[in-house]
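Given next, in C-alpha cells, is a single chain: the form predicted on its own.
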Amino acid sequence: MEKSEFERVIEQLPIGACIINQDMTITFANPTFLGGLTIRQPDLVGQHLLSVFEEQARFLKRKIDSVLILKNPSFSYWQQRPHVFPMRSSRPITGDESQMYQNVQFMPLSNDNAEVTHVSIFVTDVTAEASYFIQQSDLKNVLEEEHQQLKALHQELKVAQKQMLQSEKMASIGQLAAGVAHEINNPIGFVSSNLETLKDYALKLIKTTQTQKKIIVKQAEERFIKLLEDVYERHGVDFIVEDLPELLDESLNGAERVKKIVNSLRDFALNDEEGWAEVDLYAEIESTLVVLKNELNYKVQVEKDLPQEPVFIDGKAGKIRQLLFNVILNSLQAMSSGGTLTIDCKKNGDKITLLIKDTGAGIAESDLERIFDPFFTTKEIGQGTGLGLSEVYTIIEEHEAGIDVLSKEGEGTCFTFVFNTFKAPLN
C-alpha cells in the first residue's frame, strides 16, 4: 500500500513526533523521534510512555495530565529542562556532546465531540541555539568577571592614589612642622638662657637689697628707717622679693615646656627612614601625648600604668609614632564631651602588650569589621579621611605585630597591640 503524502511528510519531518492516548500508550512515533533516542527501541508503538522513559516519568505525567485536563497545549523550554528525552544531537555542544538540547511541545488531539483523546509530543532540536546562547552567556560572565576585576583594580588604584596624596600631604606638613620647630628652638633657647641669667641677677639683687636694709635699720636714724619702710610698702618690695623668684621659676618651667613641645613636634615630624631599630615605647607615648595636648582639652583624664623600667620594641620609630598618634587621636575625638584615656603596658617574655582604652562613643558592632578598610569613617564629611586606622593596620602588618579591638556603643573602645621586644643583633 502506497504511503500518503501526509505520512511521507511526517516521516521526513526534522522534528521528533510521538502520539499517545489517554492511557499514555504510544500509538505513533516518527523516524526522527525513534532515530534520535540514545536507548535502543526498534519500535515504541504499543508501549507505555512512562515505562519507556522512567527517569522522566514524573515530569511527563504532569505535563500530559495538564493537557488532558485543561485541553490546552503545554511547553517545555530547554532553559528550564534541557533534556526531556534522552536524545543524541546532530550539533554537538562543547561539554555535553551526547545530549540534545530540546524544546518540547505537548498538543491536545480532539475527536469530533471536542474530547481530547490523544496527546501529540513534538521534540525540536535547539542545540545550535542553545550552544550560541551558552557561549554568549559564558562570554558575558567572563566579561563581567573581567569588569569586576577592573573595578577592583580601579578601586585599588584610587586607594593607592589617595594614600599617596595623604602621605605627600603628611610629609609636607611634617617638613613645615620641622621647619617651624627649628625656628622656634632658636628664640626659645636664648629666652631660656636669659631667664636663667635674669634669675641669677634677681637673686643677687634681692640679697643685696636685703643686706642694705639690714645695715640701714641698724645704723640710720629713725626717720630714715620710716622713710625706707614707707618706700618698701608703697612699692610692695617685700612681695616682689618673695614673688620674683617664683615668677622666674614659672617662666623657666614654661620655656622648658615649650622646648619640650617643640622637640616632640620636631621628632614627630621627622621622616623616619633609618630602618629597624630600638624604639623607646614610653618616650614615643609621651611625645604623642605632648603633641596631642590640645586635643585633651582639659576634659580627658589620662591614666597610665607603665612599668618603671623602659620598654624597647623592635620597629621603625616613625611608624610606631604614627600608629600611636592615629589611635590616641581617635580615642580623644571619641571623647569630645570628656572621659578617661587609659594607657597600659606590660612585658611578657619577648612580647610587649600595649593597651589604649577610652570611654568614648564606641563603635557599632556592624562597623567593627570595616574600621581598618581604607576611607571607611563614621565621622561627618570633612572631619575624617578614613585612612588613620587603615594606616595603623598596615604598620601592624609591617611590624609582624598583633592587634585586637573591643568596642561597645556608648561605653568606649579598647585597642590591644602586641609588639616584639628589641633584640640586639649578635656580633
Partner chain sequence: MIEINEDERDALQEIMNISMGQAADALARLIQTKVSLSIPAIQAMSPEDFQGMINSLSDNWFARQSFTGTIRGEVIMSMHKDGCNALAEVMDFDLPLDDAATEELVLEVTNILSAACLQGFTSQLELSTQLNMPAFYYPLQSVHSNEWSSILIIEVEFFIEQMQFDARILIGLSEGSIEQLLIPIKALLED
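Everything quoted here is computed from the prediction, not taken from an experiment. The term rigid core refers to the maximal set of C-alpha atoms that superpose within 1.5 Å between the two forms. Numbering follows the first chain given and starts at 1.
The protein also exists as the form predicted in complex with the partner chain; that form is not presented, and the subsequent description refers to it.
- Interface membership of residue 69, defined by any non-hydrogen atom within 4.5 Å of the partner chain in the predicted bound form, is confirmed.
- Proximity of residue 99 to the partner chain in the predicted bound form: non-hydrogen atoms within 4.5 Å are absent; the residue sits far from the partner.
- For the chain shown alone, residue 194 is not a contact residue for the partner chain in the predicted bound form, no non-hydrogen atom being within 4.5 angstroms.
- When contacts are judged by a 4.5 Å heavy atom cut-off, residue 399 does not count as touching the partner chain in the predicted bound form.
- Taking 245, 310, 338, 73 one by one, only a single residue has any non-hydrogen atom within 4.5 Å of the partner chain in the predicted bound form, and it is 73.
- The listed set 224, 77, 190, 132 contains one residue whose heavy atoms approach the partner chain in the predicted bound form to within 4.5 Å, identified as 77.
- None of 362-370, 51-59, 390-398, 34-42 except one has non-hydrogen atoms within 4.5 angstroms of the partner chain in the predicted bound form; the exception is 51-59.
- Once the rigid core is used as the reference frame, the Cα position of residue 77 differs between the shown form and the other one by 2 Å or more.
- Once both forms are fitted on their rigid core, the CA atom of residue 107 lies 2 Å or more apart between the shown form and the other one.
- Remark: with the core as the superposition reference, the CA shift of residue 56 between the shown form and the other one reaches 2 Å or more.
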